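The chain that follows stands alone, in the form predicted alone, written as structure tokens.
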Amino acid sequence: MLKLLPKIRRPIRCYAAVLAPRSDSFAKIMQTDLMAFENFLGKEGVKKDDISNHTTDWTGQFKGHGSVVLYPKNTEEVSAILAYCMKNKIAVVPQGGNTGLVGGSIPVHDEVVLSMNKINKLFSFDDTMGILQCDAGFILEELDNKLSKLGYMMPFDLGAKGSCQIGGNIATCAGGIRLIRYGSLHAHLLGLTVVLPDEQGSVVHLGSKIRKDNTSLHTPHLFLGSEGQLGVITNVTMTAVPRPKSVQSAMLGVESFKKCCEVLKLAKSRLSEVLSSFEFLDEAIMECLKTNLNLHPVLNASSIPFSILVETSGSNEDHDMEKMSAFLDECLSKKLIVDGVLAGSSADATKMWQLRESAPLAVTRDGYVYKHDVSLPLEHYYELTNVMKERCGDLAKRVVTYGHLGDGNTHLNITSSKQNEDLEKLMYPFLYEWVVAHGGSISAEHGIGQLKLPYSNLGKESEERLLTKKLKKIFDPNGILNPYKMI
């Protein structure tokens, strides 16, 4: 059982998160500070009133108390801000699209919010080598649309693509539905421009603009998943991938989780180079989609314990459709699936993907939702769901699971009509301890932020945690960046 820090207060989303008291080592914002910020950015770049969209997360479950929001337009202005804040010991929260689920981009006390919204001018793309260089404030969907005109796309796709920013994606090491095909962001990041919170507001250019550079430590990767703890990312260099000319989607009905894993194994073998997504939905989330959003299953069978959404991406439609059809036939002949349908049009595919992409919204309609983002070896992937169903009993309205089965990432959601402390006591820290005891990670792609800080030691050796604290001290000697979170 974990022992939490004393003198903690609970935030709006109190079922796991705990908030440390304000540190006296940080200065409070004074009028002289506001004048300095206006000198760096102009009056239009400093906002004190009506800033709730920057101090509340998109779910409304994390609400902070930031003192001011700053809108720099370039790396130089970020440098001036961080140098000033370091010298005056003013805490800063870097913020991208504010689409996270763990409270990582929300101020806790009176920190300055450093918004990247206006750093979105520089964009260049080498369409021969497939190398993208862009400002950190670009929205993911905007980048994808720009690349589409050049025959490329971003190598990851997220439900929040219409509002999340590439800098935030790097800082959280975003995952998404294409990881099984293109790998994580570690496979694509080449270089970063980062501003450090030192006395000079040092601007460092890490990595390079070429695919192969083995002349130094791969320092850009320190910032993947760093959650704004080490520096502020202002520019990103990474690879994009060719946009497929053929995309095939199929929905499969499976009667046992064991057979879901067998289908995955067969998909990797038979679809191999074109397999791009392998998504999972259990019967409980399908019922939730139907009840809460009036979205109906695409399969005809009356009761299907598990649904699998398979997608392939390639360059030859006839070849890809033939492979997908043969795969479905083999699944049926081996009795791995009880039903299956191949999308015959883009409208059919959209209907399938609407089910998967609407799952996060559907659970919120139950009243209150306890969201989880963990990864597990496949033999324990759905075991966690069954364990939590039994443990929560009638206190939970629903226990549902959807997620990225292809990479072991499960999004277990437990709902109730309202926030329930008795239910929370049953869940935490039991759930996270169970995950670690079964070889998993308490955060697959959402990060630690405020929400999982009390449990961040789980599954990590004490030496590794000490090393991260030492790195934090090197990059951020006064600890002004994103305090009260992650490290």
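Note that the coordinates shown come from a computational prediction; the quantities given were computed from them, not determined experimentally. Heads up: residue numbers just count along the shown sequence, starting at 1.
This protein has a second form, the form predicted in complex with a small molecule, left out of what is shown; the following refers to that one.
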Of 44-52, 457-465, 443-451, 22-30, the segment with heavy atoms within 4.5 Å of the small molecule in the predicted complex is residues 443-451
Checking Leu101, Met238, Val112, Leu376 against the small molecule in the predicted complex, the residue with a non-hydrogen atom inside 4.5 angstroms turns out to be Leu101
Residue within 4.5 Å of the small molecule in the predicted complex by heavy atom, from Lys371, Lys73, Arg181, Arg398, is Lys371
Original post:
Even though the small molecule is not shown here, does it sit in the predicted complex so that Arg356, Pro360 and His411 each have a heavy atom within 4.5 Å?
Top reply: yes
Report task. May I ask you to check whether Tyr402 falls inside a 4.5 Å heavy atom distance of the small molecule in the predicted complex? Result -> yes
